[in-house]
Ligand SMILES: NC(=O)c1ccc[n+]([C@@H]2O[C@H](COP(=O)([O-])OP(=O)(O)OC[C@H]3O[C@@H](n4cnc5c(N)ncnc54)[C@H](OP(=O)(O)O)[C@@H]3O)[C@@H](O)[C@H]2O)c1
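The data below hold one chain only, encoded as structure tokens and taken in the form predicted on its own.
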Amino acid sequence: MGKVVFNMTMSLDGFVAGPNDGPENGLGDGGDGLFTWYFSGDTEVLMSEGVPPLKVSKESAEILKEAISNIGAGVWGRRTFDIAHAWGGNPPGSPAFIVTHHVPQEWVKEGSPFIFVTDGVESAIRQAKKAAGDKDVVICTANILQQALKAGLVDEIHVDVAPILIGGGVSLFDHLGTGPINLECIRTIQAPNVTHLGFRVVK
């Protein structure tokens, strides 16, 4: 049975984007350094069809390829969807379930990789798990992670820590509003320009 897995790059001080992020400033002010490791290696990794491949180190490529091969569906928030400009119609996890209050009708069409969910994160993850079958559901949005953690729906948290201090912006673990969440460390891999950390959520 597949797992619900979070995966995202974070600065050492806990931010996944700098201040003033938006559709025209995707990683916010000073956030570009989060993804230096995506383009500073010599090994190509294709995240999804229709987008240029990443060029990462051999160590990071092994981790990314394994994760990509296990993805059966993805869950994102509408803000990330807008900032990413719908990934040009090629999301890094398909089908992609987008949690939103307002459905963008231009993407409601035959062959669309997007399924818009208007009744919350728990519904989106439930639908994504059904679609993914034996594969994993990936979450790559800070706000969706926070909601899913509060609901007890996350199995693993994978954080790629970039060697940068951003100082402000979008915090990965804001608004949890819960007591301690115990984690078991399942991976620590040092690679050029990034440290890959993996944790199992103890339930």
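Heads up: residue numbers just count along the shown sequence, starting at 1. Because the structure is a prediction, the values reported are computed rather than measured.
Not on display, but discussed next: the form predicted in complex with this ligand.
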item	value
Heavy atom within 4.5 Å of this ligand in the model of the complex - residue from 153, 56, 157, 142	142
Candidate from 167, 163, 52, 26 lying within 4.5 Å of this ligand in the model of the complex - any heavy atom	26
Contact test, all of 74, 96 and 127, partner this ligand in the model of the complex, heavy atom 4.5 Å	no
Residue 148, heavy atom within 4.5 angstroms of this ligand in the model of the complex	no
is_contact(residue 121, this ligand) in the model of the complex, heavy atom dist at most 4.5 Å	yes
is_contact(residue 8, this ligand) in the model of the complex, heavy atom dist at most 4.5 Å	yes
4.5 Å heavy atom contact, residue 109 and this ligand in the model of the complex	no
Residues within 4.5 Å of this ligand in the model of the complex, restricted to 83-107 and counted by heavy atom	83, 99, 100, 101, 102
